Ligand SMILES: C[S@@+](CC[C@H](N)C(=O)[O-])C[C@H]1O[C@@H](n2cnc3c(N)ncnc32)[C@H](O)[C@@H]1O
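Let's start with one chain on its own, the form predicted on its own, as structure tokens.
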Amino acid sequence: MSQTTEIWTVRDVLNWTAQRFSALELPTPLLDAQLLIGFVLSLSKVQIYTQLDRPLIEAERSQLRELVRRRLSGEPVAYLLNQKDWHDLDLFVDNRVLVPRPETETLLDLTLAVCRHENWQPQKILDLCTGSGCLAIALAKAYPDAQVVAVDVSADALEIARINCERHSVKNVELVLADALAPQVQAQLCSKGPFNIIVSNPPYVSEAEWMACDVSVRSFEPKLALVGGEQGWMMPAALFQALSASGLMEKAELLGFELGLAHPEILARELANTLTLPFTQPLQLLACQRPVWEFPRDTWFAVKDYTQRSRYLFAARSKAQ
């Protein structure tokens, strides 16, 4: 987009922006262009296409040029807009937190589905490594009578979680700034429990995987929220051990964790003799489309994501217990 007095319409900037993004091989060039143009012009996606002949004034073009420049540098669209639609939540995000992913939506959906099937009405929920607060807020809205404790080691992340709690008028989330691996923190959490549900999306990317990440991840998203050690499963393993040692797992009716690919099997091998609930050998691998009433009870099991790759680790207790 030149800065001359030439008239540029919505059609012109849409085509130009999408072409620039496509030339750089960004993954969703047209969608990114639509989102940025919609943001600058306060238009929905439908309105963009009903106003293709609308000319942009220079102030609008100038704002769009700056956003396009930043996107071309690799900065995620969610950070440019300070907004991410996730599940049924409109979340505030910036570079202090990881952009919430669709994989974590699956973790939420599975958790809610098991609770619905078992007719569980949790009174206390623990969300470890809460980040933007997406899981904690979604569960707090689903169970407004429950007390939700959301823990993160990053003060910056908890500030974003606080903003999102206020945005969604959620009053039943307690934000705790702490290292969940520390024994004293585990003791503090025990005093707030017992928790019916424990969920977590901990850092699980290895150092090597992080170095190979796209520039939009490596250069803009917080490494603290991504990397789980030299081997990515190290942080989840330490978290499991801490939860088991403190006794927090003993009373939980449902435990659900989002992990790296094949990490459930690795953790089964590494931690088979240390966790409160027994692992099956080998783990049962279930497609996430499988109905939750077919999930096993009183044991750990892995669930595949929608690409049929093992990613989630769950344990659900039978009603008898």
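Heads up: residue numbers just count along the shown sequence, starting at 1. The shown structure was predicted, so the numbers you read here are calculated from the model rather than taken from an experiment.
Note that the form predicted together with the named molecule isn't included here; everything after this is about it.
Interface residue among Ala138, Ala161, Cys129, Val148, judged by heavy atoms within 4.5 Å of the named molecule in the model of the complex: Cys129. In terms of contact with the named molecule in the model of the complex, the residue from Met234, Val114, Val170, Leu224 that brings a heavy atom within 4.5 Å is Leu224.
Remark: of stretches 241-249, 73-81, 206-214, 97-105, the one touching the named molecule in the model of the complex is 97-105 (heavy atom within 4.5 Å). Though the partner is left out of this view, Gln188 does not reach within 4.5 Å of the named molecule in the model of the complex, counting heavy atoms only. The named molecule is not drawn, but in the model of the complex it has a heavy atom within 4.5 Å of Leu181.
Contact check for Asn196: every heavy atom lies farther than 4.5 Å from the named molecule in the model of the complex.
A residue is said to contact a partner when one of its heavy atoms sits within 4.5 Å of a partner heavy atom; Leu89 fails this definition for the named molecule in the model of the complex, lying far away. Of all the residues from 154-177, those having a non-hydrogen atom no more than 4.5 Å from the named molecule in the model of the complex are Ser154, Ala157.
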